Each structure stands twice: as C-alpha cells, then as structure tokens.
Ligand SMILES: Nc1ncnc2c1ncn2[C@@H]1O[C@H](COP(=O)(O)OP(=O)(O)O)[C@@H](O)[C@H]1O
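As structure tokens, one chain now follows by itself in the form predicted on its own.
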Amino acid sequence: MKIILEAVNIKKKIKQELILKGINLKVYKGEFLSIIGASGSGKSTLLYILGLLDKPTGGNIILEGENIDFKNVKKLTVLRNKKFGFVFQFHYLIPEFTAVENVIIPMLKAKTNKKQALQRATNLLKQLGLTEKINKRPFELSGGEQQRVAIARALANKPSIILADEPTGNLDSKNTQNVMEILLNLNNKYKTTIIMVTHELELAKLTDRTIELVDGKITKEIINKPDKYTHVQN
C-alpha cells in the first residue's frame, strides 16, 4: 500500500489550549483506519484537519504527495468535494429535500450533468437497500435509513477517502451493524480508504488498524489485520 494522506507534526490550538500536540500519521491507500480516544482527546479535531475542514495551527497535511496550502480556500473547496466523502454522527440531511435530492447535491456542486447525477444517486441508494425510500424526505426515514442516505451522499463524487466521525453514535445495535457492514464492504470490495473516529472498541477491532489519542498525542497503534500491511510502501 502507498501513502495517500499524511499528517506531519500537526498541532492545533483552540482558545490558547493545545488540542493536538504534534501528530504524525500516515494513512495508506485502501486501508480502514480507526481512531479511538476519550472525549476531548482530539480525535474529531484530527479528523477534520485530515479532511481539510479545519486548519492546523502548525504542521503539514500531504494529500497524494501534494502539500496542502490551507490559505488557498478555493482549491481547498475543490479538493474536499472531489477527494473526500464525509459521514458524521448526525446525518445533516436537508429536511426539505428527498433522499435522492440530498445525494445529488455534491455532484451538482462538482458540475456533474444533472441526468447523470440523478442516475448515480438512484443507483447508490438502491445499493444501500433504499430502493423504496428514494423519494422520501428525512423525517419519513428511520435513523439507520437516514445514515445510509448520508453514506450515499458521501460516495456521490467517488471520493478517494471516506471520513466518518462516530457514524454509528446515534444508532441502535442493529443499525450500527448495518452501517459497519456497509463501510467494511466499501473498503473490501472497492478499496476505498476509510478513516473512522469511534468510541466503540468492538467496531475499531473490525478495522485494519487502530490508533489511540490521549491528550492530543498518538499513544498507541494496533494492527488488527497484519496481512494487509505486508506490502506497505513509504
């Protein structure tokens, strides 16, 4: 595996408090990485910086060999929309829009033809078991269904990396299992790189590699699937 995303000495200060204290992390193409840690450890802050949603106070983010310039707002927007798909604990679906309309939005922002966008959105929702829910609005969907729509939206522009922040945090055990199976399938079948923040250790064990943050520092790395790292390239 080759490095697709790298954090080099990343620091983040919020209101004079140092949240991240020099994070060094390599993310490999096609791996499923989980980030664990207590509340306030900095795991979500790190995820947002990796996804170019937040700017570090110090250090560098390197995406596919390119050093990211956080001052170039226009390019950051393009990269976020093209390279990343985001799944959050709260689905953030637009309540006035149907499921398929919510999935179409990122594609229209990327200047995808409307007909092609509709076709892809429809196919994604069908693949995620939402054939009968395509034209339903969020309030007509269960929590698990809403999160599956959010996953379809994250996949809309065929991103290189999926970033998931507590994607099962508001779900019951059955829907947690369903969402996790979807993410694992995306990683195994399509080799999509996934970085997931979770507080559930049992879910973290299902991923390829787990890192633990304590007080803004990586204190532990666990390789859950050693066979996947036999051909790691730096």
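A quick note: this is a predicted structure, and the numbers were derived from the prediction, not measured. Residue numbers run from 1 along the displayed sequence.
Beyond the structure shown, there is the form predicted in complex with the ligand, which is absent from this document and is the topic of what follows.
Heavy atoms within 4.5 Å of the ligand in the predicted complex are found in one stretch of 58-66, 33-41, 188-196, 171-179, which is 33-41. Each of K15, I19 and T45 places at least one heavy atom within 4.5 Å of the ligand in the predicted complex. No residues of 82-101 lie near the ligand in the predicted complex, the criterion being any heavy atom within 4.5 Å.
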